[in-house]
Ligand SMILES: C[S@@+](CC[C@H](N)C(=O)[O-])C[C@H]1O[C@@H](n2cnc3c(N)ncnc32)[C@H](O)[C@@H]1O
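Take a look at this single chain in structure tokens; it is the form predicted on its own.
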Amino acid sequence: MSFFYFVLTNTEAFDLLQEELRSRYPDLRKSYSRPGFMTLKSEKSIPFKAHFARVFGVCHGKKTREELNQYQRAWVWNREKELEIPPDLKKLSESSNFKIGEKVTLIMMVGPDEYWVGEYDLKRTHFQTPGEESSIVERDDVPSRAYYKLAELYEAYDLPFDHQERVLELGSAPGGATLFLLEQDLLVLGVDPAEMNDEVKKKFGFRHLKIPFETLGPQHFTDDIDWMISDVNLPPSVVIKEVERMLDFLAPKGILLTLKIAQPNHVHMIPDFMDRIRKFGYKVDLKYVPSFRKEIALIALKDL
């Protein structure tokens, strides 16, 4: 008996996903793929989980248009926006609601008149949208993509940001994530030798240290730090090393790190990164959000 699974991810992360699967599930074999969509086959049932995926689950195979009529409740996702979802399937998707803990039936429109069906357990950290597409509205005044990445993590984890908590942002320029944090009524200390966006640095609650964060020490802090956040474009080993160093004199309740995974072989370093942060008393999770490319978020909270 064969078992099949599906994965949806962003095309930029496809090689990272494949390396992860080769490492964690050596018995899995790729069955079928299109950009952003993959099915996998195993000769035995496995507790399948893919970190470099927007969503994953059990695959029930390719279905004809007529076979889709059996589904009374399902979300429908199209792989490309040029693929127009038929009106009846669109109506089915829009009228279908799923609660956290329920199994979602997902109809995946992979090509013209090409449909696959999968199933997955809906978790609180899912986006509650077909195919885990982002629900964050794009804006013209956002300085960088970091805004959307942090907004998506905030939504997925319902992050417990409290009124005027203090945030240390490592590598803050040009200010995408900073803008989002300020909009949540947080106080941000941005550390980056580069210039910040002019509009961001004028906002109340922001202070800029124009130094490399590798030079930060206890002398730079007069108040406690509640959150440590980074979306810096540096090797993840450098970021983790510096975060470890700072945790010797800072005790934030939460850490959010967007780790850049430039090469597939860097995927194997991630479990070690997680363990190194766990040693400081955090519960650690990973999340791939819709705005990501070759990166993954490490979320560390005292109470996850």
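What you are looking at is a predicted structure, and each value in this text was computed from that prediction instead of being measured. One-based numbering along the sequence shown.
A second form of this protein, the form predicted in complex with this ligand, is not displayed here; the remarks below concern that form.
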So in the predicted bound form, does residue 213 come within 4.5 Å of this ligand, heavy atom to heavy atom? yes
Could you tell me if residue 151 has a non-hydrogen atom within 4.5 Å of this ligand in the predicted bound form? no
Given that the partner is absent here, does residue 260 sit within 4.5 Å of this ligand in the predicted bound form, heavy atoms only? yes
Would you classify residue 131 as touching this ligand in the predicted bound form, given a 4.5 Å non-hydrogen atom cut-off? no
Only one of 167-175, 94-102, 76-84, 112-120 has residues with a heavy atom within 4.5 Å of this ligand in the predicted bound form, and that stretch is 167-175
Of 108, 186, 189, 146, the only residue with a heavy atom within 4.5 Å of this ligand in the predicted bound form is 146
Output the sequence-ordered list of residues from 44-63 with at least one heavy atom within 4.5 Å of this ligand in the predicted bound form. none
